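Encoded as structure tokens, the following chain is the form predicted on its own, with no partner shown.
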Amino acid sequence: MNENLFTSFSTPTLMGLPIIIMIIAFPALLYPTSNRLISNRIRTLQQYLINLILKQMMAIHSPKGRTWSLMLMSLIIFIASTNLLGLLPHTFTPTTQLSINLGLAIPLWAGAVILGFRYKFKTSVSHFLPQGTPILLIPMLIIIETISLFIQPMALAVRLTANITAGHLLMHLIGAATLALFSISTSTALITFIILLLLTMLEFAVALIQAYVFTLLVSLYLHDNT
């Protein structure tokens, strides 16, 4: 395989124009609205899973925090859909781009923090200085807590990018090794092919888990500020 290892992570273009917006919008086509009174099995399963995750995630929130229900469900569906579509051959995964993940993390984090300063100002400010802190450590702790607060969206984005990118790279490397070994040792190639199948199943799980973890952390940030 002469293809560059990082080719699959480059933004695709059509006639010299990036088509990243079309790719990001594509998962919306997988969830069409239905006007029927009785839905089919697939839509029933989708609604059941969405309601299950929504109840679990919103159980800890106040009524003010539950107003974010639609946004959080849209977020987890979008991330899970793009992660799963990226596992198909010759496709592009938007969540391997740090800029896109930062574009998701920063506005949601900023909205949660702004809500905290608006409705729970004293509680939000108290996080910068724990009770009983020695006077000499006050400036240092305020700096450390401020840095940790601003690192939160970066940690969200980097975690998602690193996990998805690492899985794709590993699948690419094992796939290339499998093709190379077929001409050398068929038995060894079969073993690596089985490993590739197991890794692919693991990546399906990782794609869903990372979407859930990203949304859950945003939900926890919202819970701390509402």
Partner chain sequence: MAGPEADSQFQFTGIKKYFNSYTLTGRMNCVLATYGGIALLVLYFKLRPKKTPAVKAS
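Residue numbers count along the first chain shown, from 1. Computed from a prediction, not measured in an experiment: that's the story for all the values here. The term rigid core refers to the maximal set of C-alpha atoms that superpose within 1.5 Å between the two forms.
We do not show the form predicted together with its partner chain, though everything after this point is about it.
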| L129: touches its partner chain in the predicted bound form, heavy atom cutoff 4.5 angstroms | yes
- Task: Could you confirm whether P107 comes within 4.5 Å of its partner chain in the predicted bound form, counting heavy atoms only?
- Result: no
Hey, in the predicted bound form, does G103 get a heavy atom within 4.5 angstroms of its partner chain? no
For this session: Answer for S148 alone: is it within 4.5 Å of its partner chain in the predicted bound form, judged on heavy atom distances?
Result: no
The one residue among A155, M71, I114, V125 placing a heavy atom within 4.5 Å of its partner chain in the predicted bound form is V125
Q) Honestly, after the rigid core fit, is T133 moving at least 2 Å at Cα between this form and the one not shown? A) yes
